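Here we start with a single chain on its own, the form predicted alone, put down as structure tokens.
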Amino acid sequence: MPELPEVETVRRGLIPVLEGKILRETEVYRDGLRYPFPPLFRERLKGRKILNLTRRAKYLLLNLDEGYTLVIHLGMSGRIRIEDTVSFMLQKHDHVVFYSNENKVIAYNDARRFGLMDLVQTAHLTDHPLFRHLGPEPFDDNLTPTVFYELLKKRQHSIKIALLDQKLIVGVGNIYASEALWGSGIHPFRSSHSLTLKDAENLLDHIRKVLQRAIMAGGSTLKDHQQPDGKLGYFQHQFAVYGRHLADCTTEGCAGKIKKEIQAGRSTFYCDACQK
């Protein structure tokens, strides 16, 4: 599933072709994705101006004039591509196609249809069920090491599982949790509430560094993720532990091997020698 870096990459790719533009027309080729589309979906989008594109957790937010926000979640296999009107050809699994007033086509393609789209009043977005219980953004200035530490103290789960809880912190995901824990030298099976303030500060710093590097690399191309221009992300070539079972640990002075274990149904990669 696309995580925060992948969604942020898509957002940045869409800004030049959508921000400040008009949705001239929208074509919908099925009744919905994971959930049905809202009533009169295409009619309500016709002629709307996109004021800006933002992101909350793994959701793309297209803020429209007249006080509504188009919410898009890519699900497991959703991707968005940009084409010119004159060369556009509908592809298999293209479910929603947006036409801008500047002859650009933005096609939403989703083979598994686990994504979603909704229209929500912008003023009430934070109260919507999709967003009501989300935790802070990793790059939020209000998420200080002390705040993060206090949040971790309330969790009884292992730290790896806690990082996947969107109520604690959003957008980290399985890959980036493994990478950040390795970078901070924290064992993934360690209890969240056992972390010290120094541990929390170190971990938060590495979460931010890993996510920022992944964004700059265009995300991690594992199975379905592509950028809107069709390019593939390449952060997977920088993985220190994820997918490197039995490989040598690259921590300086460490002679350990990368291990793989399953936590709550998800693969966890770590070095048992240098992560404590």
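Residue positions are given as counts along the sequence shown, with the first one as 1. For clarity, every value in this text was computed on a predicted model and none was experimentally measured.
Below: the form predicted in complex with the DNA, not depicted.
Asks: Counting only non-hydrogen atoms, choose the one of 85 to 93, 140 to 148, 98 to 106, 117 to 125 that falls within 4.5 Å of the DNA in the predicted bound form.
Replies: Stretch 85 to 93 is the one.
Asks: For the DNA, considered in the predicted bound form: do all three of Arg11, Pro136 and Ile215 come within 4.5 Å of it, counting heavy atoms only?
Replies: No.
Asks: In the predicted bound form, is there a heavy atom of the DNA that lies within 4.5 Å of any heavy atom of Tyr68, even though the partner is absent here?
Replies: Contact check for Tyr68: no, nothing within 4.5 Å of the DNA in the predicted bound form.
Asks: Even though the DNA is not shown here, does Gly75 get within 4.5 Å of it in the predicted bound form, heavy atoms only?
Replies: Answer yes; at least one heavy atom of Gly75 falls within 4.5 Å of the DNA in the predicted bound form.
Asks: Does Asn174 make contact with the DNA in the predicted bound form, using a 4.5 Å heavy atom cut-off?
Replies: Although the DNA is absent here, Asn174 would touch it in the predicted bound form, with heavy atoms inside 4.5 Å.
Asks: Is there any non-hydrogen atom of Lys260 lying within 4.5 Å of the DNA in the predicted bound form?
Replies: Output for Lys260 is yes: heavy atoms within 4.5 Å of the DNA.
Asks: Pick from Arg55, Lys46, Lys209, Arg34: which has a non-hydrogen atom within 4.5 Å of the DNA in the predicted bound form?
Replies: None of the other options qualify; the answer is Arg34.
Asks: Residue by residue through 154 to 177, which ones have a non-hydrogen atom no more than 4.5 angstroms from the DNA in the predicted bound form?
Replies: If the 4.5 Å heavy-atom criterion is applied to the DNA in the predicted bound form, 154 to 177 yields Arg155, Gln156, His157, Gln166, Gly173, Asn174, Ile175.
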